[in-house]
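The chain that follows stands alone, in the form predicted alone, written as structure tokens.
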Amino acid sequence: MPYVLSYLRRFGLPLLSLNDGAPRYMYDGKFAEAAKLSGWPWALTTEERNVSVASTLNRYLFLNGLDTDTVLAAGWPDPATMARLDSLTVGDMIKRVGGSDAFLRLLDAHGGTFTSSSAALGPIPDLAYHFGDQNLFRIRGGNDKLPSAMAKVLGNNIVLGAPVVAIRQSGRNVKVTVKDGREFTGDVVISTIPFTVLQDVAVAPAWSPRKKAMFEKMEWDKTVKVIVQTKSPSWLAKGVHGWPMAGSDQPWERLIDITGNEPGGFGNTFFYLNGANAEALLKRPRETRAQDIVDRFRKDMPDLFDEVVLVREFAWSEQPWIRGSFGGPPVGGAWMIASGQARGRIHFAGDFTTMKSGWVEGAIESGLRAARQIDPLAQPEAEPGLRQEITRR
């Protein structure tokens, strides 16, 4: 994520190193480990045996004319790629070049249950992050240090607790009204409001039919993160670690290890639940549902956790400011990829307006795109001019 890393350098933020995934897999009641490639118990093809899930996926991407480098460019996909892949799921794309059903199930265990059934154009950059060259870091002290550093540079120009209720374009101005009645006027507006929420904002003049259809048809997942801290990263002694350290066809889905070289001595992990697994969890009593996932995992893989010292959860669909986790076009939705195009004096940003939905990299990419729409001649300034650069843009 070069944009993210460039900001980390600019602000001098300290990093922790994380491990790439060396997971234990479980599906159909059978187990295997990434560190022990021989003798996996599933009906893989000859070409899929004795190599990792990542290695096999990269070969299938190559056979589809893709790779885990160029698909991360801001201009991907081009029109020809959109036409070629628009009607396919990831599973369709892989099967047409020889992928087996067994491999697709392993891919879902590794990357999340939604992976093989998702529209091919959406997850490919996400797969590139997870299965390409691994540069895995976390900001020491919490990733929120990055937006905090940005906010400090902007001084007192950030207004919190002011949900937008109306955006009105009139002549050469745009007026934004917030819930408490205050109004803000500018030459242009950059909206980062998720489309799940933007539909409820009064806009004048009204959205075009195409924009309205895009807001309504973009698919948003209901991801739930269950955070678990253990007394120590005891799984390291078992030879499993990283993103992910365990993947399955069970309700707990995937377990991600983000401990790396953190100095505290604890083990830090989270479960990532999507689709049907997330929906099932959200129907359970709030007081016990996170612990239920931990208990189920410990039943299936009792040797990986030692003493659990903390359990927390975060459900994106329950947050009023987004109502979903990451958004993307459905199968046949390539026309929606142009979601970052301006509407009059309203410009759009946010990771969900890029092919890197769910990633900070996409959010920064979209901000740069909006800045260039507003001022095509804008150029990054050398240090210490970040404040002037942001203000000018």
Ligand SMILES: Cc1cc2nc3c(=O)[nH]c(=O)nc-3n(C[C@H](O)[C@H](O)[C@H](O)COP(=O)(O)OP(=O)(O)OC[C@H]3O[C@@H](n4cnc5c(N)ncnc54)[C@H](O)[C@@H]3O)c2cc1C
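Note that residue numbering follows the sequence shown and begins at 1. Everything numeric here is computed off the predicted structure, so don't read it as measured data.
A second form of this protein, the form predicted in complex with this ligand, is not displayed here; the remarks below concern that form.
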> So in the predicted bound form, does Glu365 come within 4.5 Å of this ligand, heavy atom to heavy atom?
Replying inline: no
> So in the predicted bound form, does Pro194 come within 4.5 Å of this ligand, heavy atom to heavy atom?
Replying inline: yes
>> Using a 4.5 angstroms cut-off on non-hydrogen atoms, would Ala334 count as touching this ligand in the predicted bound form?
In response: no
> Is Trp243 close enough to this ligand in the predicted bound form to count, meaning some heavy atom within 4.5 Å?
Replying inline: yes
>> Taking this ligand in the predicted bound form, would Leu104, Ala109 and Phe271 all count as contacting it (heavy atom within 4.5 Å)?
In response: no
>> If contact means a heavy atom within 4.5 Å, which one of 290-298, 314-322, 202-210, 88-96 is the stretch that engages this ligand in the predicted bound form?
In response: 314-322
> Taking this ligand in the predicted bound form as the reference, which of Gln250, Thr223, Gln229, Gln169 has a non-hydrogen atom within 4.5 Å?
Replying inline: Thr223
> Only one of Ala276, Ala162, Ala151, Leu310 has a non-hydrogen atom within 4.5 angstroms of this ligand in the predicted bound form; which is it?
Replying inline: Ala162
>> Where, within 204-218, is there a heavy atom within 4.5 Å of this ligand in the predicted bound form? Residue list please.
In response: none
